[in-house]
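Read the single chain below, which is given as structure tokens and is the form predicted on its own.
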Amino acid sequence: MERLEKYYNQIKTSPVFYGMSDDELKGLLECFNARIRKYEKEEMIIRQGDIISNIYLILDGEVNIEKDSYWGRRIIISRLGQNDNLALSFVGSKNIESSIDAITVEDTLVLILSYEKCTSMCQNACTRHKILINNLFQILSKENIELIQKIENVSQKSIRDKLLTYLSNEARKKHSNSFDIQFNRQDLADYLNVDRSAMSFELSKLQKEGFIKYDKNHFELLS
């Protein structure tokens, strides 16, 4: 538990463990044989076709959720960071193969928990298990909302409309018209499923027309 203790204060801020006392959380980590693993940059955590049996909680770093087409074109579904969970939808569906890859963007620390132990109520039906299961449902609900937003972003017909929808949603999420996005240009093109050069051209046009200002990954939406 030495490594777990090193990151304990960070672990207890995760939405997975929201509402638990220190004693309840420490008991859960011991019960679930929780462990921490470091993944190097661009290392696979989950591959398409895997049967997922663990909950993966990102303690530090970033992870792309990706999918490749038959011809090898990469599509970024989402980017996850600190306190986010990987592939919770798949781990909750027994014997369903993962249809995505989870690949680190940088060196990443992950807390790994057994999903079966997390969701199997102990004989005493202890409070900590009830809290945990409720938290997992809340997280799944959040993931579904984000998926709906992703569909809205990419379902627009033109590159221009995809960009405007994406940036509007990011401004709403950050509660500001001035914000940083998490993607570089290539990753943003892969996320929106568009050609990078065509996307960069549209961004330049939007800036010239007075809709936006940007510098690298910082954007400002203009009236």
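Numbering starts at 1 and runs along the sequence shown. Quick caveat: nothing in here was measured; it's all calculated off a predicted structure.
Same protein, other form: the form predicted in complex with the DNA, not shown, and the subject of what follows.
Novice: Pick from 44-52, 23-31, 60-68, 184-192: which stretch has non-hydrogen atoms within 4.5 Å of the DNA in the predicted bound form?
Specialist: Only one stretch passes the 4.5 Å heavy-atom test: 184-192.
Novice: Counting only heavy atoms and a 4.5 Å cut-off, does the DNA in the predicted bound form sit next to every one of S114, N134 and F137?
Specialist: Checking in the predicted bound form: none of S114, N134 and F137 is within 4.5 Å of the DNA.
Novice: Tell me, yes or no, whether H218 is in contact with the DNA in the predicted bound form, where a contact means a heavy atom of each within 4.5 Å.
Specialist: H218: no, not in contact with the DNA in the predicted bound form.
Novice: My question is simply whether S200 lines the interface with the DNA in the predicted bound form - judged by any non-hydrogen atom within 4.5 Å.
Specialist: Judged by the heavy-atom cut-off of 4.5 Å, S200 is in contact with the DNA in the predicted bound form.
Novice: Considering only heavy atoms, tell me if S204 and the DNA come within 4.5 Å of each other in the predicted bound form.
Specialist: Result yes; S204 sits at the interface with the DNA in the predicted bound form.
Novice: Even though the partner isn't displayed, in the predicted bound form is R196 close enough to the DNA, meaning a heavy atom within 4.5 Å?
Specialist: Output for R196 is yes: heavy atoms within 4.5 Å of the DNA.
Novice: Only counting heavy atoms and a 4.5 Å limit, does any residue of 155-185 reach the DNA in the predicted bound form, and if so which ones?
Specialist: Contacting residues: K157, S158, I159, N184, R185.
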